[in-house]
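One chain is shown next in structure tokens, namely the form predicted alone.
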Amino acid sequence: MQTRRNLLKSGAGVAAGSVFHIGSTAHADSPLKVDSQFEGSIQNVPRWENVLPVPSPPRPLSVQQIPPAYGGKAVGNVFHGVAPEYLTAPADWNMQNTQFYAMAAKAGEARILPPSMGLTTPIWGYAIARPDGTFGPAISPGPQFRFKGGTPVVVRTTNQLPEEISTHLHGGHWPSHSDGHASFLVLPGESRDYFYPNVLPRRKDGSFDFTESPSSMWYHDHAADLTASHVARGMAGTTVGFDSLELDLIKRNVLPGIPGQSDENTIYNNPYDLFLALGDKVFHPSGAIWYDTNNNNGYLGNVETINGAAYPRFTVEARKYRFRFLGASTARHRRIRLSDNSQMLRIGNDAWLFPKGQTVQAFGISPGKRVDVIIDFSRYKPGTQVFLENILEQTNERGPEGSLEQIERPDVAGTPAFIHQLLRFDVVAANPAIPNASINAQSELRPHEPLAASEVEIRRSFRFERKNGHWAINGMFYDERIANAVPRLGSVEEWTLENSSGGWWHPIHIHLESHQQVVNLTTGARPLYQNSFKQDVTMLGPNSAIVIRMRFRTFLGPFMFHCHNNEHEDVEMMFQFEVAESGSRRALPVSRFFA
């Protein structure tokens, strides 16, 4: 069987540990600390000079027919091929409307630091293809894809970098070949056709399960051993998913948007719905990002960024906005609130909307997580400035101060001991021609179907622990040849996720399917409201254990699950599961490998 190691071309292997320049810093109200190996890094970054970057979605190169930008090569006629499902898809996957894109992973430069500093930052990012097949400049975050449920997409991804990559579109339901498996690589100079059918899993009666329709997704590099350094360099982007249910909520003026525009356009044009990708970096005095590849515990920057800009400002109308927060850091956790401690309406966790919203003053967000929130700026007079703040201190790679239960509380009592401002909102008058959204805590959003204990076929336990200075699961390291779990296609399983690594925190991400929390074994408590439905990242605080359930549908494996502290997964806190026609209670050799 071909493996990652024997697939690599000469010279394409993993580089030895080093400190290289790639970028970050911060200071403010409560300053962010920087590790000693970054002594001499930029410490004082002006606030509110940058304007928040808002990405424009790329348009497909073609629909239904192979675009000229593919250079006459049919889908799959590239070095790393295409998912078998592209050729065997059922008729009701709506294949005749397939959209075609092309993207390259490449080096570039970005203005992350404020203009007054006069510095540019070398990045590794993503570039979208022009109609003639040439690529634009690399940007970070990368192009924001917008996928409509039921509309298949092919993204031909070319690697123009000197190291292997693997693009994981996090939060979706994808074939194994296209899922960004850590060992299904795109070698330097080669391409892979990522096929995203945007199809929902089916219920037992064969109908599509629309309760599983994803909304807030993101993509990032996932190459084995290289994920953290690649993400730190800038290899991440966002993706909006939408379906008829969400479009109808806009049409009925429940969710923010422009009725007659945001609910009709297949690209989803909505100025009142934005991703906020939260990152942190250390910057060398030259403006380059500073990162230590010898540190396998976690990377903490001392400069906060949002959508690739340090401490930006954003002009908002006095109306409701939908913000899709993304924990895009490799290791930093945050607890987010508004500077006046006013209420927000949380409407989703990771990729999925709640049945109804949850009124909160703050929310926790770990690496890899998404939090969907409505902020109503109509309560402020034009000319008001409101700040987005992180009130969770984290001074080392182990994790944040406080307990998981404290961080996930929806209220804020008293004045936080730590306050670090991230973004300034400048409120202006609302456009009177566009009605304000009507959403409130009683608005019905997406239905939820719980997984019952009676449906569970197999129960498994996974311990996330430290071993010989590295990171392990059940005492073992990642092995691309072994399926550590083999669920039966269509089955429900119950997994216990246990943190046995002492004072370390681990956000656990499971690919392919949403999962549902059942109970916190540490406290004996049922999940809090925000964790009572679907998610794809479960946070494990120190010495905690949480039981989850999931149903495995549509696609055969293998797929990954791992700690989403990217440094931890790179030093082997990662397993894989292979969904198969016949399940197994024990680990088995992987039967499929998509080189």
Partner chain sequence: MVNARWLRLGPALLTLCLLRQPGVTMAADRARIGVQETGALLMRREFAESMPDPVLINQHGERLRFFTDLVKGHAVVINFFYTDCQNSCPLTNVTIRNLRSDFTTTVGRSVRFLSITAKAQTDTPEVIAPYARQHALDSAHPDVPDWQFLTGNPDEIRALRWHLGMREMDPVIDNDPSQHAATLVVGNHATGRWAKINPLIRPSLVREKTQRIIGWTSAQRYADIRAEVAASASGAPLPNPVRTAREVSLPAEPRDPTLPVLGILQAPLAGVERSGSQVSTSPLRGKVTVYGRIYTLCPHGSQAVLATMKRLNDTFAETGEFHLVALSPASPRETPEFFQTFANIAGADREDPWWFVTAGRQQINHFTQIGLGLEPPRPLPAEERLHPLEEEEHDLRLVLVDQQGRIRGRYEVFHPDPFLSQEAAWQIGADTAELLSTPPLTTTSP
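Positions refer to the first chain, counted from 1. Keep in mind the model is a prediction, meaning the values are calculated, not measured.
What comes next is about the form predicted in complex with its partner chain, which is not displayed.
Looking at 163-171, 304-312, 431-439, 250-258, the stretch with residues near its partner chain in the model of the complex, meaning non-hydrogen atoms within 4.5 angstroms, turns out to be 163-171.
Using a 4.5 angstroms heavy atom cutoff to its partner chain in the model of the complex, all of 123, 291 and 588 count as contacting. For the options 99, 522, 296, 213, the one in contact with its partner chain in the model of the complex, meaning a heavy atom within 4.5 Å, is 296.
Note on contacts: among 130, 448, 459, 203, the single residue with a heavy atom within 4.5 Å of its partner chain in the model of the complex is 459. None of the heavy atoms of residue 415 is located within 4.5 Å of its partner chain in the model of the complex. The closest non-hydrogen atom of residue 72 lies beyond 4.5 Å of its partner chain in the model of the complex. With a 4.5 Å cutoff on heavy atoms, residue 364 does not count as touching its partner chain in the model of the complex; it lies far away. Within 4.5 Å of any heavy atom of its partner chain in the model of the complex lies no heavy atom of residue 356.
Taking its partner chain as positioned in the model of the complex, the residues of 368-406 that bring a heavy atom within 4.5 Å of it are, in sequence order, 396, 397, 398.
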